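A lone chain, given as structure tokens: the form predicted alone.
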């Protein structure tokens, strides 16, 4: 690999951009795709670029069938942004970390954030609208709201809906969720946008305890993250 291309690849990885190093296995020609455009000497067809971008979205390295192109995908760890340092968060944080997620907990209540069970998570002691601005949710980010308090959940959901976050979920009953959707419609969100919110959050596994609810949430988030691989 040419040093200039290596430097460019390292720069994109350091910036936590999803990208791919594409190598023509016969000639050795290479290119970087994603995370700021295409770079390198290897010329790629629109069809190949489409295939490469799908592999990047799926976080999957592979040889493209019918070609001599090997695609090595580099993706940052997915993130889970949790709004509300409540009991479920104390189960959700370690479980999400075990599944490979970087965890971030946003809550303006400092006493809640100090719980030992949240160790290892990045704590942001801010109101959710300010916290979400710091997070800068991207296509590798899941946002989960847990507080049941519209003053905390709604601003976080609104910020998530305006972002490319791959998953948005909100804790609460169906009745609570309908009221939530009504408030968000009042803020100008349409039905297509609101359909991105999983409410009630998590897979329907009849979860009752905080730990069981955390399992259902992580399972649903992973399902969305890997949707392009099905």
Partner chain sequence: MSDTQALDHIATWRAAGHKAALATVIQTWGSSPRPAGSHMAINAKGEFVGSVSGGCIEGAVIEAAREVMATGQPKTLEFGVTNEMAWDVGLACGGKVRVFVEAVE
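Take the two forms, find the largest set of C-alpha atoms that superpose within 1.5 Å, and that set is the rigid core. Numbering follows the first chain given and starts at 1. What you see is a predicted model, and the numbers here were worked out from it, not measured in a lab.
What follows is about the form predicted together with the partner chain, which we do not show.
Practice task
Determine which one of 24-32, 46-54, 165-173, 179-187 lies within 4.5 Å of the partner chain in the model of the complex, judging by heavy atom distances; exactly one does.
Solution key: The contacting stretch is 24-32.
Exercise for the section: Give a yes or no for residue 74: in the model of the complex, does one of its heavy atoms lie within 4.5 Å of a heavy atom belonging to the partner chain? Expected result: Residue-level check for residue 74: yes, a contact with the partner chain.
Problem - Exercise: residue 209 in contact with the partner chain in the model of the complex, heavy atom 4.5 Å - result: Residue-level check for residue 209: no, no contact with the partner chain.
Exercise for the section: Report yes if any heavy atom of residue 13 sits within 4.5 Å of a heavy atom of the partner chain in the model of the complex; otherwise report no. Expected result: Yes, residue 13 lies within 4.5 Å of the partner chain in the model of the complex.
Exercise for the section: May I ask you to state whether residue 227 is within 4.5 Å of the partner chain in the model of the complex, using heavy atom distances? Expected result: No, residue 227 sits far enough from the partner chain in the model of the complex that none of its heavy atoms falls within 4.5 Å.
Handout entry: Listed residue that, although the partner chain is not shown, lies within 4.5 Å of it in the model of the complex (heavy atoms), from 41, 195, 63, 205
Key = Selected residue: 63.
Problem - in the model of the complex: members of 1-24 within 4.5 Å of the partner chain, any heavy atom - result: Heavy-atom contacts within 4.5 Å come from 1, 2, 3, 6, 9, 10, 13, 23.
Practice task
Align on the rigid core first; then say whether the Cα of residue 205 has moved by at least 2 Å between this form and the one not shown.
Solution key: Comparing the forms between this form and the one not shown, which are aligned on their rigid core, residue 205 does not shift its C-alpha by 2 Å or more.
Practice task
Taking the rigid core as the superposition reference, indicate whether the CA of residue 148 shifts 2 angstroms or more between this form and the one not shown.
Solution key: Comparing the forms between this form and the one not shown, which are aligned on their rigid core, residue 148 does not shift its C-alpha by 2 Å or more.
Exercise for the section: Say whether the C-alpha atoms of residue 17 and residue 161 sit closer together or farther apart in the model of the complex than in the form shown here, given that their separation changes by 3 Å or more. Expected result: Farther: residue 17 and residue 161 separate by 3 Å or more in the model of the complex.
Exercise for the section: Just say closer or farther for the C-alpha distance from residue 10 to residue 96 in the model of the complex, relative to the shown form; it changes by 3 Å or more. Expected result: Closer, not farther.
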